[in-house]
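The chain below stands alone and is given in structure tokens; this is the form predicted alone.
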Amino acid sequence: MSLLSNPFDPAREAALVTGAGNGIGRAIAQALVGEGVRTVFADVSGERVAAAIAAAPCPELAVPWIGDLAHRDAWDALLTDARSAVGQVTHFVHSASPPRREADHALAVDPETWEQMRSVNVDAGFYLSRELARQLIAAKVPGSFLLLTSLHAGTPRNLPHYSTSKAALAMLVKELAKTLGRFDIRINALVPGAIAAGGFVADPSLARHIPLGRIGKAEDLAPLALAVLSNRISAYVTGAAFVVDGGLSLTNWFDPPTLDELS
């Protein structure tokens, strides 16, 4: 049998993916059902979720869930609904993140935008991870979580609410991995580069900074995401960050924001 065949055990494993309506979350959720894994597609947009499921290779294995993870009451609702729909969630992917506006630099971002970004990225990511881990510990079942961070966890993006939330997620991965490893629950980070998906419209000229010579696609991340999530392929991997950026992180490509309106 091939080392990479049957990476999941569909009879015993199920997944929850936030931000599954578009971009990287959508690509990973679709790839999971393609491997036979029952998967909750969670997103703030019902229209996006419906389209993502319709385009999935095994839509009958996909469960839609619609809610805004900026609100705390949605976190428990998602956990309850996911458990009711697919049983014990063993694989969790946190890809949800509010839209980004280039105008929201350090001198312009408002408190509501800051709060929403932190709430969805960090607070929801922590709470969902912790509560899913508690369920796994109680059931004595192994698990694998993947939190999407960013190159901008370490490189300024001119969007401080976004970059700082991703930096917090990067440390959260390490904290959870250190605490939960004894229970056979693995926590890792997926670190995308310039990916033309999920509302991010990449300037084609950015490709000149990328050693592989092109802007990335959401589908570029799904194979590695599945490999890291798989307890058969990556059983001895936790607390790691996997960069998928075509080599973009080898350069620092952002200039300071334009502040003409202050002059």
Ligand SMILES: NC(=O)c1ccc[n+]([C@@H]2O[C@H](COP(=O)([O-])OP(=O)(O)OC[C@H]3O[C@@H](n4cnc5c(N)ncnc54)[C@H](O)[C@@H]3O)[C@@H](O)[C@H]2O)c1
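Don't overthink the numbering: it's just position in the shown sequence, from 1. Not measured: the values here are computed from a predicted model.
FYI, the form predicted in complex with the ligand isn't displayed, but the following is about it.
Engineer: Run the contact test on E13, P142 and A189 with a 4.5 Å heavy atom cut-off to the ligand in the predicted complex and return yes or no.
Structural biologist: No, the whole trio is out of contact, none within 4.5 Å by any heavy atom.
Engineer: Sort through 178-186, 128-136, 107-115, 145-153 and report the only stretch with a non-hydrogen atom within 4.5 Å of the ligand in the predicted complex.
Structural biologist: Going through the listed ranges, the match is 145-153.
Engineer: Find out whether any non-hydrogen atom of S249 is located within 4.5 angstroms of the ligand in the predicted complex, and reply yes or no.
Structural biologist: Heavy-atom contact with the ligand at 4.5 Å: absent for S249.
Engineer: Tell me, yes or no, whether L172 is in contact with the ligand in the predicted complex, where a contact means a heavy atom of each within 4.5 Å.
Structural biologist: No, L172 is distant from the partner.
Engineer: Are any of the heavy atoms in E35 no more than 4.5 Å from a heavy atom of the ligand in the predicted complex?
Structural biologist: Residue-level check for E35: no, no contact with the ligand.
Engineer: Does any part of K166 reach within 4.5 Å of the ligand in the predicted complex? Heavy atoms only, please.
Structural biologist: Taking the distances in the predicted complex, the answer for K166 is yes, it comes within 4.5 Å of the ligand.
Engineer: State the residue from A227, C58, V237, A70 whose non-hydrogen atoms include one within 4.5 Å of the ligand in the predicted complex.
Structural biologist: Looking at A227, C58, V237, A70 one by one, just A70 meets the 4.5 Å heavy-atom criterion.
Engineer: Using a 4.5 Å heavy atom cutoff, which residues in 84-108 contact the ligand in the predicted complex? It's fine if the answer is none.
Structural biologist: Read in sequence order, the residues that approach the ligand (within 4.5 Å, in the predicted complex) are S95, A96, S97, P98, R100.
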